[in-house]
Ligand code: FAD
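Take a look at this one chain, the form predicted alone, written out in structure tokens.
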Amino acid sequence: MSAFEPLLQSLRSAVGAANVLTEGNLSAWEQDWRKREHGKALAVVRPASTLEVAEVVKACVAAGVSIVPQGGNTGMVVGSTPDTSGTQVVLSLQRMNQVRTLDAANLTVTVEAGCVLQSLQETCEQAGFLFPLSMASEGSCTIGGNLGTNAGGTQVVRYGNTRELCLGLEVVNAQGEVWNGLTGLRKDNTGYDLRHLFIGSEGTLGVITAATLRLYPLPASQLTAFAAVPSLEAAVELLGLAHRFLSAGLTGFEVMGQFALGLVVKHFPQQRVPFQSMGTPYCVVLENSDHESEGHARAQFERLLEAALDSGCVLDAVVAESMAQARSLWHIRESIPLAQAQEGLNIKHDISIAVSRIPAFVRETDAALEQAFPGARLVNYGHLGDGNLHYNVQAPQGFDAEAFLKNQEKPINALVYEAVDRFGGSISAEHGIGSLKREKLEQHKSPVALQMMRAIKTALDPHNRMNPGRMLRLSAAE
């Protein structure tokens, strides 16, 4: 009998034998989304309630087994898949997918951690409300994962990251106790805000099982424009004009480099990408959400684009005439990471820089990369409105992408992250740290900050059972 059989029996008693998976193809839980790592789980456990989660945690802690919480497994930094030891339990929250309550007067919704983001968006819209978190993976990512990584997306410029959208949490801690903080209060000045500790902690402090989230009234109109700009400096100027003319109506502002758009044209030729024949170095997609009327929104957009064309920061622009056209324009932006994956393995950087410094950062870092790695292709796009770039590097044309990744990832990362430090930025804007960036965090985070983070981890999870080896290394042997 396996040494783990008593634990497996306890887990089957807690969640039902059908929800403790130990055999067959478990790749959906054991392999990360980018297919960079493939672990081996002792078991995949699928609880259906918070009390079941608590029983699973208690059983694992008693057996000395570590737990890897997992939502939709769409993370980019290998933070929610097991290691290769075959001794970790993957705790999948996907069965906990219910919207518990929607409080219209309080403008809040309480939802379980396994609820898929798109399902929550649709439920709220049917009730006449907007839940504004939006990203390319919304059809498969879950609210728990969004909270665990403090996910961003395309609406951060107006509504903030997931942290800003959360008013309360329900958490099972590392001892298997349930903390119910689902109050939905906007003011609660009673000591440390525990909610903020767990948001962005990537499952290293406890298991988020539910959340109370902010809602907003549905806008009367949402208009999307696609603009060609002559430079990143011009894109920053356009952003300033958009803030001035649209104010809080500016809900999305994305920049896309010409090579990134070219990959969409190459791999998804059915998509019509505006201004390709112009050869403009950058394009921007921006969104205006108006609570008055479509006519008011369109008039605002027209004034903005007229001013932008007069100033020269926009060369040409189109405004979507229908929701279908708007979706097509946004789909171009959302297709860039998929097109890049089709092109081959690549080196990803999810960085943030003060918006005003982004043009200089890109200009200097592009030149340094081109000098050090001739032929490397730069896939630059992202959330310019909040200073977050996906500053990625593709292998030179004709090179073996796997060999390029293996041989050049470390020196390329070193060059890019040194530049990020020099410009006062962050090496992770919205994807988190996981195991992929753990060593980089130690190199680029303040030693004092790391010391405080380790103290929090040790206090809340003294036996290091919650997602060990992710985000923080507690000892040199880890």
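Owing to the predicted nature of the structure, the values given are computational and were not obtained by experimental measurement. Residue indices: 1-based, along the sequence shown.
What comes next is about the form predicted in complex with ligand FAD, which is not displayed.
Novice: With the partner left out here, if you bring back ligand FAD in the predicted complex, are 132, 241 and 387 all within 4.5 Å of it by some heavy atom?
Specialist: The answer is no: none of the three residues contacts the partner (heavy atom, 4.5 Å cut-off).
Novice: With a cut-off of 4.5 Å between heavy atoms, is residue 211 one of the residues that contacts ligand FAD in the predicted complex?
Specialist: It does not: once ligand FAD is placed as it appears in the predicted complex, residue 211 has no heavy atom within 4.5 Å of it.
Novice: Taking any heavy atom pair closer than or equal to 4.5 Å as contact, tell me whether residue 257 reaches ligand FAD in the predicted complex.
Specialist: Residue 257: no contact with ligand FAD in the predicted complex.
Novice: Please determine whether residue 74 contacts ligand FAD in the predicted complex, using a 4.5 Å cut-off between heavy atoms.
Specialist: Residue 74 belongs to the contact set for ligand FAD.
Novice: Residue-level question: is residue 136 within 4.5 Å of ligand FAD in the predicted complex, judged on heavy atoms?
Specialist: The answer is yes: residue 136 has a heavy atom within 4.5 Å of ligand FAD.
Novice: Here the chain is shown alone; which of 157, 109, 284, 141 has a heavy atom within 4.5 Å of ligand FAD in the predicted complex?
Specialist: Spelling it out, the residue with a heavy atom inside the cut-off is 141.
Novice: In the predicted complex, which of the listed residues (353, 393, 264, 207) lies with a heavy atom within 4.5 Å of ligand FAD?
Specialist: Only one listed residue qualifies here, and that residue is 207.
Novice: Looking at 98-106, 213-221, 305-313, 146-154, which stretch has residues with any non-hydrogen atom within 4.5 Å of ligand FAD in the predicted complex?
Specialist: Heavy atoms within 4.5 Å of ligand FAD in the predicted complex occur in 146-154.
Novice: Pull the contact list for 426-451: residues with a heavy atom within 4.5 Å of ligand FAD in the predicted complex, in sequence order.
Specialist: Contacting residues: 430, 431.
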